[in-house]
Structure formats: structure tokens, C-alpha cells
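Just one chain follows, in the form predicted on its own, and it is written as C-alpha cells.
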């Protein structure tokens, strides 16, 4: 079913009040050490909710999405920003990006829904596109941790039927084929190393999402990944919403 973009994705920032409040209160504090930078790659920008902020922290920004509707919306929205380049792709490859050319990779609120094979394809690409010393920040699913054990995890083929039957509604359509651990392994297999992984809740108590920060494996000495289990993520959102309302 085609998604109705009449609110341009702003509806997903509702727990924070606005996308501006979510960016300033939740997202930017987690990536501020890596910005500003030279070249940013944003995967799956939608209608540019986060592109709007990222564009002010780089010399060049590549926004790549498999949706022609989203790319056209971004091209129109950022027509006056010549350093923002919007490209349509096949949903798993980045052939338009030169190898070792990206300083910072960003994706938020998209990979949480993505099947394992697509995540794996992208991670394989990211291992070649990131510069030495560059960083990546991807928000992805950890729902698989709650579905089954690693050896018995549900295959991606079961995801859509379960969502259709509303069995996965409590997980907000998170993909059960992905976990923080699996994402970490995929990074290791493709020349990347997760520095930190923050497991967070999303409109519930279970830590069904993960915020992974990674770097090229040859960028620095590899220490063990720092795992942060944060059950107060949505309390943070509620606090930010209250504060933003008081400031209006």
C-alpha cells in the first residue's frame, strides 16, 4: 500500500512534539561529535525530515532513496541548496557514490523496517563508501531479540504476513529478522566496526530499536563495542516534548 505523505513524515516525530525538537533533543546530541564534516550520505531521507538539518553540517550531502516520490519531493524541497544531491536507487546499492568518499553516513527511522538481506546489501556497500576515519550512524531494528533465539529467528519471509495479521503491531512494524548483535556481525564481515550500540524502546518498554555508531575497521584500534541498554528513550521524548511546548 502506498504511503500518504501529506504530513511529510512529521507525524513520526509526534512523541517529541516536532521534528525540530526531536533533532535538537535526541538525534543531534548523539552525533554532534562527528559534525560538521565534508560529505554526508543519508539513506532513505523520505521527504527530507532530517536532510533539512543535516544540510547545514556539511559541504556536500547525498540523499539516496528507492522511492521516486521521496526523491522528487527532496529535489523540490532543497532546490535552493546546490550541495544537496538527491538520487533514486534500487533500495540496496550505492553505485552513484565514489568509494572512500563519505565522511558521515546517516539513516534514521527507515532501517527499522528493512529486511535482513537489504540491510546486509547496504552494509556491504557502506564498507566501501566510507572514508578512513569516517563514521556512520544508523537506526535499525532490534526486534529479533524478542522474537526468538538467534538460532531460531524468524526468516524475513514471515515478516509481512505477521504484520498483516497484526501480530507485530506492538513492535510498530519493526523487522524481526534484525538485532543489534546481527548488525554488529554484518559490520564486522564488511570492514566496519561498531563503536557503540544504544538499544532503545519505541512507544513501549521493549528495546526493539538500536542506534549503531560505526567506523571503518582500519580507522583506529578496535575496542569492544560499547552496548547501552536504554529503557528511558521514550521518557526522554516526553521530556523534550514538554520542554519544547514551554518554549513556544
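Positions refer to the first chain, counted from 1. Note that the structure is predicted; figures quoted are calculated from it, not measured.
Beyond what is shown, the protein has a form predicted in complex with a small molecule; the following relates to that form.
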Using a 4.5 Å cut on heavy atoms, which of 103, 145, 125, 109 is close to the small molecule in the predicted bound form? 109
Determine which one of 126-134, 78-86, 112-120, 95-103 lies within 4.5 Å of the small molecule in the predicted bound form, judging by heavy atom distances; exactly one does. 112-120
Considering non-hydrogen atoms and a 4.5 Å limit, does the small molecule approach residue 66 in the predicted bound form? yes
Residue 50 versus the small molecule, in the predicted bound form: is there a non-hydrogen atom within 4.5 Å? yes
For residue 70, is any heavy atom within 4.5 Å of the small molecule in the predicted bound form, or not? yes
Considering only heavy atoms, tell me if residue 44 and the small molecule come within 4.5 Å of each other in the predicted bound form. yes
